[in-house]
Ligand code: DGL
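Listed next as C-alpha cells is one chain, alone, in the form predicted on its own.
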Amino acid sequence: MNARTDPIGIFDSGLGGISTLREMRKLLPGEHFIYYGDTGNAPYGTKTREEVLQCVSRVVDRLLKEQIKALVIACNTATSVAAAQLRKDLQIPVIGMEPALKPAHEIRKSGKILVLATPLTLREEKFSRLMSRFGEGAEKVPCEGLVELVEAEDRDGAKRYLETLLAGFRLDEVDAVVLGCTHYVFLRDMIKNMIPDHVAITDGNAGTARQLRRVLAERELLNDAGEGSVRILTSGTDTDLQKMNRLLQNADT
C-alpha cells in the first residue's frame, strides 16, 4: 500500500524531463521526487520501438525499487511507445505526456501549427490519433539531432539548427509552435526570438503537472504538507548528474 509520503518516480531519456520536474515542483512543493535521466541511452526518439521499450523497462524497474507511489513519463516518445503497457502492468498511477497540440489548436486562428518533435513520436499511432482530433492546420516537423544538441548544452549548435529548420516555413503564416519534446523546452526563449510576436509556443509540462496533481488527489496520495525533495539518478556520468542538478535550478521558463 502506497503512502502519501512515498516518492514519485519521473524519468526521461536524458535531461529533458528536468523541465517537467520543475513544473511539478512548483505545483506540488510537498512531494518527494526521484528523477531518472537515462542519459546513457539518449536519445530515445531515433531508436526503434523495441529499443525504447527495453530502455523504459530497465528504468521503471529501477524506480520501482524506490517504492514510488506514482510514475511520470516525462518523455513524449516513451509515453507514445510504453505508457499503455505500463498502465496495464503496474498498480500505481502512470502519468504520460503528449505534444501540446490541443492547446495550440484552441488558440489557432487560420494559420499553421508547427509540431516540433522526435521522429519516433511523430510516427507513433498515439500522435496520429491526436492529429485526427486537433490537427487542423498542423504540420509535423521531425527534429532529428536536436535532442543531442540540448544534451550537450550546445546552444550555438541548437541556434544554427533551429534557424535552418525555421527558414523552411513562412512564419508570418504560423499561429503556434508546439514543443513536442521535453528537451526542446530548454530552447523556448531561443525559439521565441526567432518567430514573430504573434506566434504562440505550447508545451505539455504544465498540463502534465496538473494531471499528476489530479490523479494523486483522486487516489488520496497527495502530499501537500511539509517540504518536498528531489533526488536525481542517471545511467550516464557524474557530469550528466551535475548538469541535471544545475538545470533543475536554472532551466529556461
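None of the values given here were measured: they were computed from a predicted structure. So that there is no doubt, residue numbering starts at 1 and follows the sequence shown.
Although not depicted, the form predicted together with the ligand is the subject of the following passage.
Want to guess which of 212-220, 41-49, 58-66, 193-201 is within 4.5 Å of the ligand in the predicted complex, heavy atoms only? Checking each option against the 4.5 Å cut-off leaves 41-49.
Position in contact with the ligand when the complex is considered in the predicted complex, options L122, V147, A138, A83, heavy atoms within 4.5 Å = Contact with the ligand in the predicted complex is made by V147 alone.
Even though the ligand is not shown here, does V115 get within 4.5 Å of it in the predicted complex, heavy atoms only?
No.
Is V178 close enough to the ligand in the predicted complex to count, meaning some heavy atom within 4.5 Å? It does not: once the ligand is placed as it appears in the predicted complex, V178 has no heavy atom within 4.5 Å of it.
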